[in-house]
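The chain below stands alone and is given as structure tokens, in the form predicted alone.
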Amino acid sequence: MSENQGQISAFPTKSFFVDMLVRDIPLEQAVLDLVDNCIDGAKRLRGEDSNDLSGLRVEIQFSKEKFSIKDNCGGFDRQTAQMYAFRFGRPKGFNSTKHSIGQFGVGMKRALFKFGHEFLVQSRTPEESWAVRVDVPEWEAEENDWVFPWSEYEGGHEISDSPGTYIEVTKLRKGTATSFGTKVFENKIIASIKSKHRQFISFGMEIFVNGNRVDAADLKFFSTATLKPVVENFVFDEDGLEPVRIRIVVGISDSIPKSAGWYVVCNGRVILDADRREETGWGVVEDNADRPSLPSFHNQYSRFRGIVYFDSDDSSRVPWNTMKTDIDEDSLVWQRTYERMIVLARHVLDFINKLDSEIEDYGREKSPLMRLIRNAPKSSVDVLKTDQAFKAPDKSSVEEAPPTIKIQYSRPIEEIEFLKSALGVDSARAVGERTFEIVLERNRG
């Protein structure tokens, strides 16, 4: 082959690269990625282990015309922007924020391209300020030039004149503009932030969506002297790698089917909430009958809550996927933790089965265990940090009530109405209970 023929180019076109980058990420997740960046800024500003984010604020605005997000989380300098922030992926030697939730170096760029065809990013630290403005079609037309141009810092978008970052996207994509213009999407974003960023909101960070403040979704367990959730802490350590700290909390809470299941939290960011799939152990058939397993989920287990926390200074060590929408099942950290999740959950499900059986025997109103749960105080998962075994009441710790059985029968409506009037009651159930009492008293008499 002649040397003059040159090499075959495999360089991607920009339009193809952008299309592939944004195709599979949901619009909602792209918004959350930008909030993640704000939270990482807050961690740099206050310290990665700080539980005090009070005074820090994120404001999100979107409509059919544009999207914007701004924060007062300290901003980032020109060198970080030049060397890292606008790179696609994390280059070697990059020192990321410890305990960060922005891991893979694609979130901001992916969101910008997902939203529209023109964007402005500007940031200010106490020492300097900078801006980048990109017309995406013009940028794509320059096939061999992958740099983003500096622009003049405009200002005027600061929160209380505090250092921070402002992002604005205009010339929205058609599908994006349609979603951004609906109340349904606004409510979806509020619900997602409330769920996914609950820990940071509980630490004092304020997040607003189109002027609406987002409150934290608290996760609570019944916790008494006789009914305690299990709490287990351990560390996964591998030679030469940052350790991963793991905390599992499993117990029972209010009977709410949509809230039941597993919650998985990586570096403070909720990855799964109320998960009831095989991926978290539900309905997996084990070949080894001696190993504990979980049944398929049904509403009998609507009181089950399980929360797993993964924390590491190196965010690549926690078991999430690139979009932070699911766990990485191939992660050794996840596989080891999964085994403990099943063991601990089994104790809780056994108690729920016992409770369900007792309700069948006594009735919901007269079940001793049900009465104990109904009056039990709840504790936030945020305070359940010390190791403890699952504790459930037994028959000796609750007041026994005689078992009951439900009696059902049907009679003509006019006869029921006659007895309601004669007995002075206002329901068919009350008719049945009162007539039973009368017959019982007469025959005991």
Partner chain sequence: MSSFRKVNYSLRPAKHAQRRMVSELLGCLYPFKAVRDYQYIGFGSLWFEDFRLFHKLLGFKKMVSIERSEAKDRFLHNKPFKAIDLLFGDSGAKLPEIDWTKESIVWLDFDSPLSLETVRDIQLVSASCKSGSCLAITLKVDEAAEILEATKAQEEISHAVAQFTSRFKDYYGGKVFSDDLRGNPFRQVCEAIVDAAVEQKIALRNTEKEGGDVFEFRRVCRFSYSDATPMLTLLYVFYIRSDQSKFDECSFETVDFLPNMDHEVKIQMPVMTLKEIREIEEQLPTDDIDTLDAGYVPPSDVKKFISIYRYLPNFSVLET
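Residue numbers count along the first chain shown, from 1. Computed from a predicted structure; not experimentally measured. By rigid core we mean the largest C-alpha set that fits within 1.5 Å across both forms.
The same protein also exists as the form predicted in complex with the partner chain; that form is not shown, yet it is the one meant from here on.
In summary, the region of this chain contacting the partner chain in the predicted bound form, judged by heavy atoms within 4.5 Å and restricted to 321-329, 197-205, 72-80, 248-256, corresponds to 248-256.
Shown without its partner, this chain lists Pro126, Gly175, Gly155, Pro243 as candidates; in the predicted bound form, only Gly175 has a non-hydrogen atom within 4.5 angstroms of the partner chain. Think of it this way: in the predicted bound form, the partner chain has a heavy atom of just one of Arg364, Arg87, Lys354, His298 within 4.5 Å, and the residue is Arg364. In the predicted bound form, Pro137 stays away from the partner chain, with no heavy atom inside 4.5 Å. Taking the partner from elsewhere, Val147 is found to have every heavy atom lying beyond 4.5 Å of the partner chain in the predicted bound form. Contact check for Arg303: a non-hydrogen atom falls within 4.5 Å of the partner chain in the predicted bound form. Taking the partner from the other structure, the partner chain in the predicted bound form has no heavy atom within 4.5 Å of any heavy atom of Gln335.
Along 405-442, these residues reach a heavy atom to within 4.5 Å of the partner chain in the predicted bound form: Ala422, Leu423, Gly424, Arg434, Ile438, Glu441, Arg442. Core-superposed comparison between this form and the one not shown: CA of Leu419 displaced by 2 Å or more. Inter-residue distance, Arg371 to Val425 (Cα): reduced by at least 3 Å in the predicted bound form versus the depicted form. Relative to this form, the distance between the C-alpha atoms of Glu437 and Arg371 is reduced by at least 3 angstroms in the predicted bound form.
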